[in-house]
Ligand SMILES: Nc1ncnc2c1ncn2[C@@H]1O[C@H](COP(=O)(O)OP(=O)(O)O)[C@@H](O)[C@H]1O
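Presented as structure tokens, the chain that follows is alone, the form predicted on its own.
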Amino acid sequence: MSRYEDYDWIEEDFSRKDRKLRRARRVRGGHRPKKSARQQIDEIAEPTPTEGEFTISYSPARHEKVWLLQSLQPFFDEDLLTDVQALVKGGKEANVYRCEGQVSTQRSLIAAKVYRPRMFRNLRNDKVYREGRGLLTEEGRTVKTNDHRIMRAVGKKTAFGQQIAHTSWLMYEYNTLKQLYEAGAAVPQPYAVDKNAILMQYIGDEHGAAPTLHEIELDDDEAQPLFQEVLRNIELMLRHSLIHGDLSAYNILYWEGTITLIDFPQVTKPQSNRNAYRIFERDVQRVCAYFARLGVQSDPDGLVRQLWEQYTDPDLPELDDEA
């Protein structure tokens, strides 16, 4: 049975944890807790290790170790990974690790994107991107809007509701990567997904991961063709009713003369998000601004209107000032 097919015991479990945490936070006047605040946070942040824990070459920090091993355990169990070699990127929402793959993936190196525990993630603006998107379960299915138990939990931001939102955010990235890769976009090939991590194609080699465009200086003869390749991907995404939502030189990898677009959890659909036009406009303007510094001339406003009219409703929407 799927963990999302029996919500009663799941929500009850999360509710018990909520109550326990609330009781722990209530301290009567004049009473000093036996444990320091640091110790209490440590206990919440670091769950008990699982049995049969595998060993890895990479040496994670103490708080990183448990959630990293627990997040990747299913991939080791399924013989998709044999080792975690190094941390290649640390972010507010997720860390990316270079891993050693198994024969089943036909890749010696694999990237594992491991989302941070909910209490450490910073998604303050995710509401802008989530508008018009249904919630996804860890199997990739859309939660029905008449499932009031889940909708109420998400609305009240209970621990159970936050877990649902967390899983949905991750599954949107995986589903988008899969759809775009199959459509011929320059994105990492996705291999597998679990409730807290995504396995995907590693861009780079054993000495280091591919840098972003922000981190390098392109040769003069590379700028124009790479700009056209980025535009091709922007157009391809819009043709499939997808907007990256946070596209810039920070989210485009460069490796051996080619580019790869990454980081898709905030992907937006133009037909169902009132702010989609402004989000799309911002993506295009950022890309054009980066390449303009390299001497590539473009008309970002004209590109935005042309692509929008070609692949979405020809009537440009009124912009939401609160975006």
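Predicted, not measured: the structure shown is a model, and the values here were computed from it. Don't overthink the numbering: it's just position in the shown sequence, from 1.
Although it is not shown, the form predicted together with the ligand is what the next lines describe.
Not one of Ser241, Pro270 and Gln310 is positioned with any heavy atom within 4.5 Å of the ligand in the model of the complex. Of the residues given (Pro74, Pro117, Pro188, Gly245), Pro188 alone sits with a heavy atom within 4.5 Å of the ligand in the model of the complex.
For the options Ser168, Thr176, Thr212, Gln102, the residue carrying a heavy atom within 4.5 angstroms of the ligand in the model of the complex is Thr212.
Within this chain, Glu281 is remote from the site of the ligand in the model of the complex, having no heavy atom within 4.5 Å. Proximity of Gly91 to the ligand in the model of the complex falls within the 4.5 Å heavy atom cutoff. None of the heavy atoms of Val287 is located within 4.5 Å of the ligand in the model of the complex. With a 4.5 Å cutoff on heavy atoms, Tyr250 counts as touching the ligand in the model of the complex. Residue heavy atoms within 4.5 Å of the ligand in the model of the complex occur in exactly one stretch of 228 to 236, 178 to 186, 200 to 208, 78 to 86, and that stretch is 200 to 208. Contacts with the ligand in the model of the complex, taken as any heavy atom within 4.5 Å, map within 254 to 292 to Ile262, Asp263.
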